[in-house]
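What follows is one chain in structure tokens, specifically the form predicted alone.
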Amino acid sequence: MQYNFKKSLFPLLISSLLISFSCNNHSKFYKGMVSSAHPIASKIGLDVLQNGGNAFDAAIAVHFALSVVYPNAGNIGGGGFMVYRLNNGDIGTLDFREKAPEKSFRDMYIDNVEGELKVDDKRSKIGHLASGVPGSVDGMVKIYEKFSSVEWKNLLEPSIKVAKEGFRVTEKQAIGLNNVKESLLSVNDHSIPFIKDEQWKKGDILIQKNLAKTLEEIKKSKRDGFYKGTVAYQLIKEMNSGGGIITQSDLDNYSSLWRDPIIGLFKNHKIISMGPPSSGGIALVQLLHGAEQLETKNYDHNSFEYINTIAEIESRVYADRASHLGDPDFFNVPQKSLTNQNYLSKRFSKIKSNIKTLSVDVKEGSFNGIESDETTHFSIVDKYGNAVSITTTINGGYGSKVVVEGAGFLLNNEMDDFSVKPGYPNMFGLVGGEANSIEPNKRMLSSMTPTIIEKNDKLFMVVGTPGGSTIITSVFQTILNVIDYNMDMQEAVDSKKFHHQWLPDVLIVEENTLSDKLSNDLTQIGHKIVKRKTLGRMDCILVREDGSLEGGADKRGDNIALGY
């Protein structure tokens, strides 16, 4: 890769901009594309690409932009994962997942009430004790040091400008801010920009001056601008004021890690995804094997047989997830066993298209050997042929609801992603075992599934989504939509999704997915159907046969794909 772009980005007059352009099914772009959760972030990333930056430069700029314009999930107080593919075919991943603080311990959310052990899961979801050590800033610096071609300051200046001058909130953001007001008030005794006396409404300006100051510190000193100095002092002071346990030692010792990707095959497509502590890559490879083995492509899309068979596959995969997956630095994850063809063939061999297996009868697989809902994803492809798939999170919407006084950023509530007690469900209903128990410096298990797919040794698709426990199944079904059902990228993203995660034993479906007859037929064989307004908010890019790029930005959110 040869890049020599070192000049400043063009000024971005976007403090009140909501971009109306959208990538439709017939749009073709040949040089580069950014698909993210917010129009302003996509525009900032696209400007980087248009001015000669590469996909990694754009990713850093988009990430910091989302921390400003998408505060419910975009973050500098959380963490995430990156999967990348270079134009020469080299692949890799970066784990910048949050870690448990050094003062954390296994039963920190369990109380002895009159001799009975009870979980106080409120403390793992809201407030200062819910936060893991943030990894996002360290991750962005690691990406910059390895791949970047643009001056660091130029990647942060657009976001600083928007934070200072403000931007117009969308209708969805206004609703979200109004819904979270009471929670924010309950844990913040200082003024924060997300709360005002009257209700938020579409078009109101959100200004975040303290966040701009924090971004200025990061612009000036990179990693040290967050993990040391003024911002670190403000973070530790915030922890001390609210009973949190993150210390300066935690900040000093945090480091993101380059890890090997999970690699699988699906009908001659190479699947490149994230390994532990994300469960996404292993689960995705298992799911795709099940779909190929049981030939689900022979069923009509979202038909009775299709939905039941996919749900049966998903139930078994999530049972494996609960028992066998955790941070590989603390637990010997049986990765090869879980993705072994013979194991998977046996695992799915008893599935029938017209029979539902009760979850109590589905156990984790056995073998010889050991081994959010508020998240955001963005996909980027540059003119040089590099691809980046990044999913980041602060876990629940607006994380722990704690805003660091003076620094203006929200902290995560990722501690809830640990098994606070083996068999006890987290906020997404996911259960876990000893593999994901709390230990100091351990990374909590995640469902994030940033993924890149090759076809005939060439870049084919970049996919990912937020959605907590539904991330894996949304990515899985989107891939099937493209490869098995020949949908274009936007159609595959728009298509209705469904989800089964073993426990609780329910089939979650998007509204208007099932006809009355189909709903009755699924109920008759034992499915308990739970309707949800939306599942997933995909941001994807497809490379078409002529080399053009087609974006799939989810209409369930304010997402947009921009290219040139």
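The first residue of the sequence shown is number 1, and the count goes up from there. Not measured: the values here are computed from a predicted model.
Beyond the structure shown, there is the form predicted together with a small molecule, which is absent from this document and is the topic of what follows.
When contacts are defined as a non-hydrogen atom within 4.5 Å, none of N308, T473 and H499 contacts the small molecule in the predicted bound form. When the small molecule is considered in the predicted bound form, only one residue from G139, G467, G326, G281 comes within 4.5 Å through any heavy atom, namely G467. Taking N75, S389, N436, N395 one by one, only a single residue has any non-hydrogen atom within 4.5 Å of the small molecule in the predicted bound form, and it is N395. Interface membership of D382, defined by any non-hydrogen atom within 4.5 Å of the small molecule in the predicted bound form, is ruled out. When contacts are judged by a 4.5 Å heavy atom cut-off, S447 counts as touching the small molecule in the predicted bound form. The small molecule in the predicted bound form is approached by D417, whose closest heavy atom lies within 4.5 angstroms of it. Within 4.5 Å of some heavy atom of the small molecule in the predicted bound form lies at least one heavy atom of E374. Listed stretches are 340-348, 239-247, 483-491, 374-382; the contact stretch with the small molecule in the predicted bound form is 374-382, by a heavy atom cutoff of 4.5 Å.
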